[in-house]
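Only one chain comes next, encoded as structure tokens, the form predicted alone.
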Amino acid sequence: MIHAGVVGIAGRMGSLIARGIVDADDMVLAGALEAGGHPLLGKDAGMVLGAGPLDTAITSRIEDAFCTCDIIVDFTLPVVTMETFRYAAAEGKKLIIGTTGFSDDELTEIRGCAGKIAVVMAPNMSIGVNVMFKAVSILAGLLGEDYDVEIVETHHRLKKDAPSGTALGLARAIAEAKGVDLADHARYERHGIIGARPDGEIGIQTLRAGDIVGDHTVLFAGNNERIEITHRAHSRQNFARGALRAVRWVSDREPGLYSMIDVLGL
């Protein structure tokens, strides 16, 4: 059995992932972490999830929450996930990271320490989105510089980071396929008299509205034709299913930094 723990178990993603672990035949919810002062602290995680008693109390102490866990899942905020990462690296716990919005320094720290533990980190754990990563990489390589590239992402009004981690992941996949540095070619907004579109620019545009779970479109526009690939997430369940797939996959992996592309064998 895989003994897994969840950071932010009362959150939208945390609760879905935790319930998926409880319902799985090959997993045990062995740890549940929430922020200090949260009203659910001390409660049985199973009762909170509507799954009956599990004898796993929700705690704000990371050492208490995950001492018996093999794998920790964190879909929270960078400041929280970095603390989880440092604990996991020190204690030899495997880690699934679905958090987005990391700084360059934080990403460097994760990459530098991932050789100590097995980490799966992905901006989006949807199986469909990760197939999309692969598809846009292939298209960018085949279409070349004759096609302009624009990425449009739309999320709910409460999302804190922009552009989304998924949009940035798509942009990085395209830049890598083109053999260019994204930092030199990304364009995140346009306003006023901007002149003609520079060759090789990768546009990344952000929309925020309502309760939209997540829409991503990549547009390849050439003369007289265009190709559009769109992924729409209808619920967060698809992210949770991907996370559980990552938990199973990483359970017998050696230390290293992996992505959902590795998990899916793409």
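Keep in mind it's a predicted model, so treat the numbers as computed, not measured. One rule holds for the numbers: they count along the sequence shown, beginning at 1.
The following text describes the form predicted in complex with ligand NAD, which does not appear among the structures shown.
The candidate spot formed by L33, D161 and F239 is fully in contact with ligand NAD in the predicted complex: every one of the three has a heavy atom within 4.5 Å. Judged by heavy atoms within 4.5 Å of ligand NAD in the predicted complex, the contact stretch among the candidates 135-143, 189-197, 95-103, 174-182 is 95-103. Taking non-hydrogen atoms only, T154 never approaches ligand NAD to within 4.5 angstroms in the predicted complex. In the predicted complex, no heavy atom of L244 sits within 4.5 Å of ligand NAD. At least one heavy atom of G11 is located within 4.5 Å of ligand NAD in the predicted complex. Taking non-hydrogen atoms only, V119 never approaches ligand NAD to within 4.5 angstroms in the predicted complex.
Taking ligand NAD as it sits in the predicted complex, the stretch 119-147 comes within 4.5 angstroms of it through a non-hydrogen atom at A122, P123, N124, M125.
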